[in-house]
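Next comes just one chain, in structure tokens: the form predicted alone.
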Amino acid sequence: MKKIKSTFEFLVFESFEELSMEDQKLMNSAIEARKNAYAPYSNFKVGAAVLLDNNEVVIGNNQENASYPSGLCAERVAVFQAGAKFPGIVINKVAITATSEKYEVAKPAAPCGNCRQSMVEYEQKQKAPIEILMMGEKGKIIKCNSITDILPFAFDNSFL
């Protein structure tokens, strides 16, 4: 038996103002996208914004459906739209923010497992890390250097 320890580093910003101007701009795009989320069942609105290597910003928001599995998360809406609209362009960063009509989201909202898997495949395909910024509607913001940081044992095409 061999014991292996896996760790990663991430940054915690105490406030929005601590972010770089580029990261503030991207997060503001995610906040705007969040406002148009369709979340009549959960009342939990998520916005995402993707910064591409060509400096384009592509947004997405969660789209719920009464048949719950038919909905789609904000992160996948944004990343899939970026892949469809700008195929082959490297994704540099993804910013995610969430709010609720039921309570105040005061901690960073991390992507679900499906979104992590979807985003990590783009990272693997482009052979370059995708930074990820996560925030609630207020409070601290977490920044990771790579999607693989939050999904270290990702499934990939080598298994197929």
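Numbers for residues come from their place in the sequence shown, where the first is 1. What you are looking at is a predicted structure, and each value in this text was computed from that prediction instead of being measured.
One more form of this protein, predicted in complex with a small molecule, exists but is not displayed; see below.
Though the partner is left out of this view, residue 73 does reach within 4.5 Å of the small molecule in the predicted complex, counting heavy atoms only. When the small molecule is considered in the predicted complex, residue 64 lines it closely, a heavy atom lying within 4.5 Å. Contact annotation: residue 42 falls within 4.5 Å of the small molecule in the predicted complex, judged by heavy atom distances. Although the partner is absent here, residue 46 is a contact residue: one of its heavy atoms lies within 4.5 angstroms of the small molecule in the predicted complex. Heavy atoms within 4.5 Å of the small molecule in the predicted complex are found in one stretch of 108-116, 122-130, 49-57, 26-34, which is 108-116.
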